[in-house]
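The chain below stands alone and is given in structure tokens; this is the form predicted on its own.
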């Protein structure tokens, strides 16, 4: 593999471990290209930026310094086309990049509104930078106003967005009208029933309306349109209806899942193309499907790095063994959090203290490398 090229497409959580160790590839005379449209943004702190718990930039890392200081080449752009047979990538800027080994960590997207004809600003929860846009939009509201916010989706991201938008508005001195619209599965599906009950009671006490069994389908003028034919005036829509891999992988030639994710084996390697790896939200882990949560992407990082080196050197690759239970803590914006792990669910100040410590420790781990 000497003189060959490794390409890391995307700078999500699964690639951060490798980005910090790019110098290791030079030992084998292997060149590394990193393709990323911007800085690394840690997802766990996004809702806290919306409420003002964190400042803009507290959750970001300067990828250019991380890569350049270790001998890699950063291409500040976005991958537009992948050709698996030619083993090439094409960027938005028109550059064609050939690879010998490829790792994909290109994240996920939120499906846009099916029929958006209105004037209402729409903010998907991905990319994470959108939490800054939500904050700025609310801060620019007139003093004393009461913005009407509709949140589409009652999963963790939707609940955190609603809670932290409320916190920001209350600190500014006005009470917003917030409504969460979610499907029949209700709030926090997939988490313990107790977690759903806790968040439902928290919303009730804090004046956030919840309506289940309908969905947001679009907007018209200043109105949000719902699937049951009803509509409601609003000043802002937050979309948190679940994520899916970018359409980029469709037509690439790789084996992909029904929702367009790269299908990988227990080594995080493509089941159809050797020397192609992936991690985070853009993969489908064939041995056992995984929830699209950051904890898996972070834990995939060391395995990806090891197996990229293994593909260069011919060494034995390492298995990725996902944990059966993972810790999830929601930031409720008021100094409390909701902790869930397995069948356990508990809310209070201690969960948020734990989350804040874990999140800041994660960023500090890589901050000196910026």
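Positions refer to the first chain, counted from 1. Keep in mind it's a predicted model, so treat the numbers as computed, not measured.
The discussion below concerns the form predicted in complex with a small molecule, not included here.
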item: Proximity of residue 103 to the small molecule in the model of the complex, heavy atoms at 4.5 Å; value: no
item: Close approach of residue 211 to the small molecule in the model of the complex, 4.5 Å, heavy atom; value: no
item: Residue 66 within 4.5 Å of the small molecule in the model of the complex, heavy atoms; value: no
item: Partner contact for residue 225 in the model of the complex: the small molecule, 4.5 angstroms, heavy atom; value: no
item: Contact segment among 146-154, 78-86, 257-265, 173-181, judged by heavy atoms lying within 4.5 Å of the small molecule in the model of the complex; value: 78-86
item: Single option in 165, 276, 125, 195 placed near the small molecule in the model of the complex, where near means a heavy atom within 4.5 Å; value: 125
item: Listed residue that, although the small molecule is not shown, lies within 4.5 Å of it in the model of the complex (heavy atoms), from 307, 43, 53, 60; value: 43
